[in-house]
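Shown here is one chain on its own, the form predicted alone, set out as structure tokens.
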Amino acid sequence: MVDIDRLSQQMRFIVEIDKLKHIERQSALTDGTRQENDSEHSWHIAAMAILLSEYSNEKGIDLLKVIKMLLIHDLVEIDAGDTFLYDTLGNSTKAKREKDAAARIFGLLPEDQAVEMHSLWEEYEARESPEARFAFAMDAIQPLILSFHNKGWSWKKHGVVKSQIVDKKEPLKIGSRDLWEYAQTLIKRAVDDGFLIDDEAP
């Protein structure tokens, strides 16, 4: 027999997370026609994880766990908003805003699912497990891929230069050294093609 209270809580959560479709990110689509939203980003990196798991530093990762992390990791932005990676002031308050959001949003679920989802979100944020590290790599490289293919749309908009990108993207190597190498080729090509400023050039 269906537990109506449990189903009602699950449906309330499902309706709530539809709001993720309205959270606009700074990254533009590959064709540069508009900015992507958080739900598009979460779908994209989950699909990437399926395709690119062979490049994880640590073999035998739990891919389903990675996908779960990627699908829920940005739900907190329903309350906290998307904080641009290169926004120093915004990032100074990000952790507190997102922690509060996680408590509210995951708290809508039945207790067992609330605990599971909140724990997965915290594990992702800590980056201490192989799955969290690989998930982080997906989240870090996807905006770079978009920015390369839209010829630096958000980089130009915000005046982002090469050293900033290297500083923020290099940590993805904790999940995949291979994909960090690939990321470096994109950064170099962006400089060579003239749509990313090399502030370290002589």
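These numbers were taken from a predicted model, which means no experiment stands behind them. The first residue of the shown sequence is 1; numbering continues from there.
Absent from the display: the form predicted together with a further copy of the same chain. The rest refers to it.
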4.5 angstroms heavy atom contact with a further copy of the same chain in the model of the complex for L29: yes
Going by a heavy atom distance of 4.5 Å, is K162 a contact of a further copy of the same chain in the model of the complex? no
Even though a further copy of the same chain is not shown here, does N57 get within 4.5 Å of it in the model of the complex, heavy atoms only? no
Is H22 close to a further copy of the same chain in the model of the complex, meaning a heavy atom pair under 4.5 Å apart or at it? yes
Which one, 154 to 162, 129 to 137, 167 to 175, 34 to 42, holds residues whose non-hydrogen atoms are within 4.5 Å of a further copy of the same chain in the model of the complex? 34 to 42
Within 4.5 Å of a further copy of the same chain in the model of the complex - does that hold for a heavy atom of every one of R6, I17 and Y182? yes
Within 52 to 70, the residues having any heavy atom within 4.5 Å of a further copy of the same chain in the model of the complex are L52, E54, Y55, L63, L64, I67, K68
